[in-house]
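Just the one chain here, the form predicted alone, laid out as structure tokens.
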């Protein structure tokens, strides 16, 4: 429904600071002498009002009851309650089920270049001290959890990777590039965007600032070297969110025969090798992932401990291979990709996690350690941990929990629905001899 009369005064949202949060977009500036359109204003359902007051960052298309005019991707829209009181302001997305990505809740605020600069400063301040010479791969902005809805920013050494999940950010890319150029030293800024959005000018993988990035970037994690394919790889080029769990695996690996299932590009494998593993076996279905694993292994042969560790690569479907394998391992990592892309996939995903845990327990040597991880957002931590615990109980194998882990500090979670990463570290309690 489009309101034919504005439900507030024509073009101002009054507050002590004066007219608020309308930024003229570049393409509107060129349309003079036509006046700028009135600020886009939305009314939403009572249920959506409640969620916004609770700090939820999204307004879905079905929750919009009325608006004063059609909106375009990327413009600012303000949300008002049934009493015409301000609730929030955010980025409008005319073509997404998430119609509004909320930037700011509560009292009115002026959303301009200075606001974005302050928001970036807060995100960077929250990560102070997390990077050093041994670790220069870090998430600097974590989307909605940092009040940057639909946007993440990762650093790999001297390259920044900006990934957007909504077309609403396209009009503000020049502003973002200016902010990053002013605030963060870097060689280049690479743009990535999700597969469901397209833009004629801003292509996925293009370099926004600096010399074109045409090769993988080498960065460090806990002193190990890794390639990040920032232009074409998954996500922003690497899975930074498992960094702390990889370090923990390295600390537990000394003298153990390690099995890394769903090994991808070898993060857990290399940390285990550098931690003194007796041998490492990496299993993945993707030949490309295994090729990248080999490249990462070669990057680290200067480390004597890595060089001395025997490493076996196996290309296979993990579920089928686990069912056939008969060797025992004293440290097993099971870190599959997301097993539920939608809510309807949850039951099958839980059965898959149970199947993986059962296979891991069967192959676990006396005194061995089993690491089960999940990045499936549709399954919460309690469901996942309870599934693993039930599988352990049914196996009859005596186990103790060493640790339950979640998101790393540079991947904070302030929105419950966006929590996805969880892992449990379990150790077999070998019988006394």
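Numbering follows the first chain given and starts at 1. Remember, it's a predicted structure, so these values are computed and weren't measured experimentally.
The same protein also exists as the form predicted together with S-adenosyl-L-homocysteine; that form is not shown, yet it is the one meant from here on.
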query	finding
Partner-proximal stretch of 97-105, 118-126, 315-323, 174-182 relative to S-adenosyl-L-homocysteine in the predicted bound form, 4.5 angstroms, heavy atom	315-323
Full three-residue contact with S-adenosyl-L-homocysteine in the predicted bound form, heavy atom 4.5 Å, for 224, 294 and 310	no
Partner proximity in the predicted bound form: residue 252 to S-adenosyl-L-homocysteine, non-hydrogen atom cutoff 4.5 Å	no
Contact flag, residue 93 vs S-adenosyl-L-homocysteine in the predicted bound form, heavy atom cut 4.5 Å	no
Contact test in the predicted bound form: residue 263 vs S-adenosyl-L-homocysteine, heavy atoms, 4.5 Å	yes
4.5 Å heavy atom contact, residue 147 to S-adenosyl-L-homocysteine in the predicted bound form	no
Single option in 239, 170, 80, 165 placed near S-adenosyl-L-homocysteine in the predicted bound form, where near means a heavy atom within 4.5 Å	239
Proximity to S-adenosyl-L-homocysteine in the predicted bound form, single hit among 246, 192, 220, 274 (heavy atom within 4.5 Å)	246
Interface residues of 52-77 toward S-adenosyl-L-homocysteine, as seen in the predicted bound form [heavy atoms, 4.5 Å]	none
